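Next up is one chain by itself, shown in structure tokens, the form predicted on its own.
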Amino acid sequence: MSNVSTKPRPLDGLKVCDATWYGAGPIATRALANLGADVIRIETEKRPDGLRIAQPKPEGEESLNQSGYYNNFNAEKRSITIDLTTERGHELGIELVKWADVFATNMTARAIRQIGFTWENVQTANPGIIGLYEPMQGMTGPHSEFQGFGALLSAICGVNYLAGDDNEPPIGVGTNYTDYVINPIHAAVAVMAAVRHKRRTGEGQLIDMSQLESSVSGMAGALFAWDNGQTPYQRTGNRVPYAAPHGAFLANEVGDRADHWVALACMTDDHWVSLTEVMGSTELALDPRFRTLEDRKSNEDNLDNIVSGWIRDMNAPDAMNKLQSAGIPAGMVQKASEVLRDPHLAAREFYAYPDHSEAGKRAYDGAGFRLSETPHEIRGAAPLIGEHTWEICESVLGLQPEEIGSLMAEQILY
């Protein structure tokens, strides 16, 4: 990792006790770690984070340390394995709360009560702490006890309804989008706002973060259309009311690139005229079916068939380059393997490749921004489960080696 700097980072010195799991919580705390925070992840072998079990893993691999999902979401954290359901394990967890500036969890309210880490208990142990509680629908209200994951959240916040064609059932967005993008960003921003307040006043506070409310905020277009004009949202696939042609068109590729698509968007009449020139069909610019946006929208099926016929006979990179050279917004629809080797992302060193002791060097997502003086960057791989248990017990909890060994024998520690 030769590109890693030694500059101070914005959150150097911040201590985070991380009792999150799966996606929305760990991605937020990973952002804090990559900004310099010391994040201690509390885990247990009795019930490991589901992402440690989940694919993707190398074929035939069953280790809890090989999941690409888990490792990517937990870069640069330390892991301690404690059974918080035991009396002594709960005491050790509370000691970590006393050590921390921030306590973070996205467990359900029921699970938090079971391990005794309610806000009342956490604040009593550490009155100055910041508590990030991120249950699916918040800490109050009639649905505060409901359980669910990103796939359910994408449905109830309404985002699934936006995808697909109007004559077909909603198809969703193909991933737990809310877990990966909206919720972690809001959680990290809330924590940093609370940290700023704490550094100015010494006061901690509770962050009651509803994953549902965070997700609904991304639905502004559809919600405001209804609120302001009772306009129902209509699913139109790749089509939009303000551009035509607008969509993804299959290119005639060869070999393993036979399923490439090219996305393009004619946002203006000038874009359309330029497209007719690129296609070598300038007469279409004067065709009364396509002269204006309104004309093109009225004849969009015919329009898409014409564009499809042109791109179908072309190599996808050539089509993309010709369109872009003519000033038309266009790009290939890339597969995961191609995004990983995208030359632009490589030139900007977006991916980090820390050396994980079991998984080896694997790609980790970078940030979507650059800070010139106080960098956000990955300076270490994800931890093995319990990798830092002994170290944390000695340096943070102040336990003697004999007690650590006894606790491990009793499976309070692992």
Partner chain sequence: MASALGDIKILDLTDPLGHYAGYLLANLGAEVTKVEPPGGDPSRRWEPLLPDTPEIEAGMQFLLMNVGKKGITLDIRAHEGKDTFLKLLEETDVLLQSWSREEASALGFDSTELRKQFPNLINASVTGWGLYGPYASLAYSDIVSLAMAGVMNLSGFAEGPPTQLPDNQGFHCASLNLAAGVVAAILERDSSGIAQDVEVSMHESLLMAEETAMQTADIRGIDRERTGGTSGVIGIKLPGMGLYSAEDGWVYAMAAGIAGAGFAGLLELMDLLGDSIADELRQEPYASVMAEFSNSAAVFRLLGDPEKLKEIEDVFAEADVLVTRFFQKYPKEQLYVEGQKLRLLIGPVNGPKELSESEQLNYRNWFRTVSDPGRGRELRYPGAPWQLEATPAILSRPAPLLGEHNEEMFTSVGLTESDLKALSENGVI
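Small disclaimer: the values here were computed from a predicted structure and weren't measured. Positions refer to the first chain, counted from 1. In this text, rigid core is short for the largest set of C-alphas that superpose within 1.5 Å between two forms.
Missing here is the form predicted together with its partner chain; even so, the following discussion is about that form.
Novice: Taking heavy atoms only, is residue 90 within 4.5 angstroms of its partner chain in the model of the complex?
Specialist: No - in the model of the complex, heavy atoms of residue 90 and its partner chain never come within 4.5 Å of each other.
Novice: Quick one: does residue 237 come within 4.5 Å of its partner chain in the model of the complex, counting heavy atoms only?
Specialist: Yes, contact at 4.5 Å.
Novice: Even though the partner isn't displayed, in the model of the complex is residue 30 close enough to its partner chain, meaning a heavy atom within 4.5 Å?
Specialist: Contact check for residue 30: yes, within 4.5 Å of its partner chain in the model of the complex.
Novice: Please tell me whether any heavy atom belonging to residue 144 falls inside 4.5 Å of a heavy atom of its partner chain, as the geometry stands in the model of the complex.
Specialist: Residue-level check for residue 144: yes, a contact with its partner chain.
Novice: Using heavy atoms only and a 4.5 Å cut-off, determine which of 307, 84, 194, 97 is in contact with its partner chain in the model of the complex.
Specialist: Contact residue from the list: 194.
Novice: Would you mind picking the one in 222, 314, 115, 109 that has a heavy atom within 4.5 Å of its partner chain in the model of the complex?
Specialist: So the residue touching its partner chain in the model of the complex, by this definition, is 222.
Novice: Partner absent here, but in the model of the complex, which of 76 to 84, 261 to 269, 97 to 105, 284 to 292 has residues with a heavy atom within 4.5 Å of its partner chain?
Specialist: Correct option: 261 to 269.
Novice: Can you tell me which bits of 321 to 352 touch its partner chain in the model of the complex, meaning any heavy atom within 4.5 Å?
Specialist: Residues within 4.5 Å: 324, 327, 328, 329, 330, 331, 332, 333, 334, 335, 336, 337, 339, 340, 342, 343, 344, 345, 347, 348, 350, 351.
Novice: When you overlay the rigid core, is the Cα of residue 271 off by 2 Å or more between the shown form and the other one?
Specialist: Shift at residue 271: 2 Å or more after core fit.
Novice: Answer yes if the Cα of residue 90 shifts by 2 angstroms or more between the shown form and the other one on a rigid-core superposition, and no otherwise.
Specialist: The answer is no, as the C-alpha of residue 90 shifts between the shown form and the other one by less than 2 Å after core alignment.
Novice: Quick one: core overlaid, is residue 293 moving 2 Å or more at the Cα between the shown form and the other one?
Specialist: Yes, the C-alpha moves 2 Å or more.
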